[in-house]
Ligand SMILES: NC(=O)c1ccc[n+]([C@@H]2O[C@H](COP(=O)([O-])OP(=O)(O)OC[C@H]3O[C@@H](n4cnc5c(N)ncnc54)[C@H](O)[C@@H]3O)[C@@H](O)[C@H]2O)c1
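Take a look at this single chain, the form predicted alone, given in structure tokens.
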Amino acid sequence: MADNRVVVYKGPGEVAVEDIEYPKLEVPEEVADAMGMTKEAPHAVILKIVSTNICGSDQHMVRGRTTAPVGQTLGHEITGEVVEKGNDVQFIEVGDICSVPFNIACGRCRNCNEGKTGICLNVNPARAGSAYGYVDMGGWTGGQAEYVMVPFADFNLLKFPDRDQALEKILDLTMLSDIFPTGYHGAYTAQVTTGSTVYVAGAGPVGLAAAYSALLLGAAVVIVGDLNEERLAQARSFGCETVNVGEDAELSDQIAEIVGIPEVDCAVDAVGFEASGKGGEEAPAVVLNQIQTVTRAGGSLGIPGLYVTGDPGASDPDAQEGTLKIRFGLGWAKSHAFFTGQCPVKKYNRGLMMSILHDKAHIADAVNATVITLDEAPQGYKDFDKGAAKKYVLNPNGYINA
């Protein structure tokens, strides 16, 4: 009988659930060796997974659009119950149910001390910043599993104050590990405020979370653009206006039909590098150029959509290394502010948790949270890749009441 099971990337378009060892209170050897860290991790805990979600970032790997090797474990959206803790964990107890930020952060480096937990300096030899189950992120085991190890637990974990309440609201709370803070970060850095007009590019889960967050922040109008009518219908379900960017009409003209002028106050790119043009052809810079075109002079652009430095499936050599044909001169001329990079989840997750617990936020409904088993993960990836207007939530240990 397996001690643990995890979702694993098996090659382009294919994932499987495989047996692995039960986690140990140890950091990956490559991190320990390169960063001068002890392999033993008395600062860590082991979680029994309550819920773990399929993310669009995972899908980039599964499509073969990153340098992820076959055998890469998957899953960075994690909520779990503490079942074991190291002797240096002071404030988290066995039995606590906690949200895990997808950013792995030491809590001790300069960036962590400045609140920039998405670019921790001590947990990934390859670059600043790390995550569970992701390519080039330090070799940390993924959380689409039955159990996972979380390092620096006192710093990283967000404990839910009441177990029964947490389980009752788990479909909302599970979004705190990534997409709710990430979407909120996109809207917040775009400087959405009371009365703003906002364009959100992309109606996948992060785009829907960004649109929902823009409404929470007081936007007067939120317009969501996508090619997928089912996903656009999901955006309309909670009060957004929508445009189909595959139509012949220019995006600026479609925006003018809604707000009276061909521009918005601010915009969010929730698409990233696998963007497509009107004809469905790949155009990795198209969204970045569109949001510059439709955002007013002096506006801000939040860019939580993923961009990579290695894309072997890109259509041209420049894009394969993340070099895109961006109209930066347009953004400069319009004095746009660009905000990019991983969301520092800890900046937002506690406040968003309180909004959920006090019934001010219902993010699960906005993103159409849909529960499946761990064994159904391979089919979930296939359906998500086809554009299903759902956020798949895995239930590996039966905590979620069907």
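Because the structure is a prediction, the values reported are computed rather than measured. Counting begins at 1, following the sequence as shown.
Beyond the structure shown, there is the form predicted together with the ligand, which is absent from this document and is the topic of what follows.
Considering the ligand in the predicted bound form, the lone stretch of 23-31, 36-44, 334-342, 370-378 in range is 334-342 [heavy atom distance within 4.5 Å]. Proximity to the ligand in the predicted bound form holds for none of Val50, Gly142 and Arg350, with the criterion being a heavy atom within 4.5 Å. The partner is absent here, but in the predicted bound form a heavy atom of Leu306, alone among Val135, Ile170, Leu215, Leu306, sits within 4.5 Å of the ligand. The partner is absent here, but in the predicted bound form a heavy atom of Gly225, alone among Gly75, Gly225, Gly80, Pro101, sits within 4.5 Å of the ligand. The closest non-hydrogen atom of Cys55 lies within 4.5 Å of the ligand in the predicted bound form.
Put simply, Arg65 is far from the ligand in the predicted bound form: not one heavy atom of it is within 4.5 Å. Residue contact check for Lys116: none of its heavy atoms lie within 4.5 Å of the ligand in the predicted bound form. A residue is said to contact a partner when one of its heavy atoms sits within 4.5 Å of a partner heavy atom; His60 meets this definition for the ligand in the predicted bound form. Contacts between 177-207 and the ligand, taken as any heavy atom within 4.5 Å in the predicted bound form, involve Asp178, Thr182, Tyr199, Ala201, Gly202, Ala203, Gly204, Pro205, Val206, Gly207.
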